[in-house]
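Taking the form predicted on its own, here's one chain by itself in structure tokens.
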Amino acid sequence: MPARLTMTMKTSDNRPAAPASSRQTTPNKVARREAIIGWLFVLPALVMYAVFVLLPLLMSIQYSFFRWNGIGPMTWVGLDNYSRVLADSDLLGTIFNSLRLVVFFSFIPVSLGLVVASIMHRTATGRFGAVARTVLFLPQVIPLVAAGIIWGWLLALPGLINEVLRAIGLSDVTRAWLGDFDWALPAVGFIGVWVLLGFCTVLLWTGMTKLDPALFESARIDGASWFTEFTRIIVPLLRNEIGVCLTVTVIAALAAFDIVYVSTAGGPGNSTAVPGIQIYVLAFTEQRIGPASALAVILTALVLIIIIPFQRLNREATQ
């Protein structure tokens, strides 16, 4: 019987080469091992997120279908808690108040941040620019509770704001800003502007530093004004940064609690009451866990309804 001939491929140093199948599977094994290692690094964060975010969210959804005081047995009521929330004018008023705060917490800081960042990018360079950015960002570092307390003193009837108004001859304008039914919510919104302006300015200024300087140089050679640079170069090319600012500030407005609770506690009356305040009152003061959970779920849905279109528009604009 003739001997079976076998051909073995050899490398340049006369060693047998690895089979093609093994060469193909080796990168796959490496990629799979790297993926497993990556998931192991992410696993602690995922566990924390699941325990402290996803689990409470699911429990809130569960509680929203029950009548419960937090201690005794729960009673199934279906969608009754949701209907009560939607039929209660005071609870709906808190949602409208939070939507009004979006103007102060989001639109004004983002708009002013664009203007301030563009001016700083054009004129404030070197050490002066660094100091200006630090000063603007300081309110973001201060705890919101401390900010609420400080502005509560400043906006009080004998506070610094009214003293300045009296000094310049505007005594008729002075008032207890946080105790006035008409001006309490704008006053809280002004605190939000003060807190979030620095964040928006620094983020937008960072985005401007990534733009090609040749764009600004060519525009200035052609005689473009600051306003032309702002509208034709800065705003169109900073869509990603603007989208991030809008997302963060809108969520801050709809989920506002610290500043409102410390400065006004939702008063006077319900003029500054927001969903966060009302959820706290329903759950921990009135022991009505069901309506509190239903309001929290509605607030979460409202955040998603507003934020998801922002994200889609931002994604489409950058494609």
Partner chain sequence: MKRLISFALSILALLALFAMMAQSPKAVAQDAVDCGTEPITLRGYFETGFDLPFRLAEEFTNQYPNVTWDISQDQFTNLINATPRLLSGDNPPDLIRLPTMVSFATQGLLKNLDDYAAAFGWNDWPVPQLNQNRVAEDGTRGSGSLYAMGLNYSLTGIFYNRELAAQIGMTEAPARLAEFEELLAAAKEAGLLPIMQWGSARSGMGLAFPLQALMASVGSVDPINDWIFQKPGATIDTPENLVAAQHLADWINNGYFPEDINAIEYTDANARFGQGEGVFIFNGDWQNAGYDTDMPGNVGFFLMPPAEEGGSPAGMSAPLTFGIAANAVNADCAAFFLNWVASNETARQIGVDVGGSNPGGPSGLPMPAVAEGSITNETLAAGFVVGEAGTSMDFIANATSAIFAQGWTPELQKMVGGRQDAAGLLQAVQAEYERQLSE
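Numbering follows the first chain given and starts at 1. Fair warning: this is a prediction, and the values are worked out from it, not measured in the lab.
There is another form of this protein, the form predicted together with its partner chain, and it is not shown here; the text below is about that form.
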Problem set entry | Per-stretch contact check against its partner chain in the predicted bound form, the hit in 178 to 186, 103 to 111, 230 to 238, 206 to 214 (non-hydrogen atom, 4.5 angstroms) | 178 to 186
Seminar exercise, completed: Assert contact residue (its partner chain, in the predicted bound form, non-hydrogen atom within 4.5 Å, options Met74, Leu165, Leu92, Leu157) equals Leu157
For this session: Using a 4.5 Å heavy atom cut-off, state whether Asn28 contacts its partner chain in the predicted bound form.
Result: no
Exercise. Val250 near its partner chain in the predicted bound form, any heavy atom under 4.5 Å?
Worked result: no
Exercise. According to a 4.5 angstroms non-hydrogen atom cut-off, is Gln62 in contact with its partner chain in the predicted bound form?
Worked result: no
For this session: Give a yes or no for Phe66: in the predicted bound form, does one of its heavy atoms lie within 4.5 Å of a heavy atom belonging to its partner chain?
Result: no
Seminar exercise, completed: Residues in 33 to 67 that come within 4.5 Å of its partner chain in the predicted bound form by at least one heavy atom, in order, are Met48, Phe52, Val53, Arg67
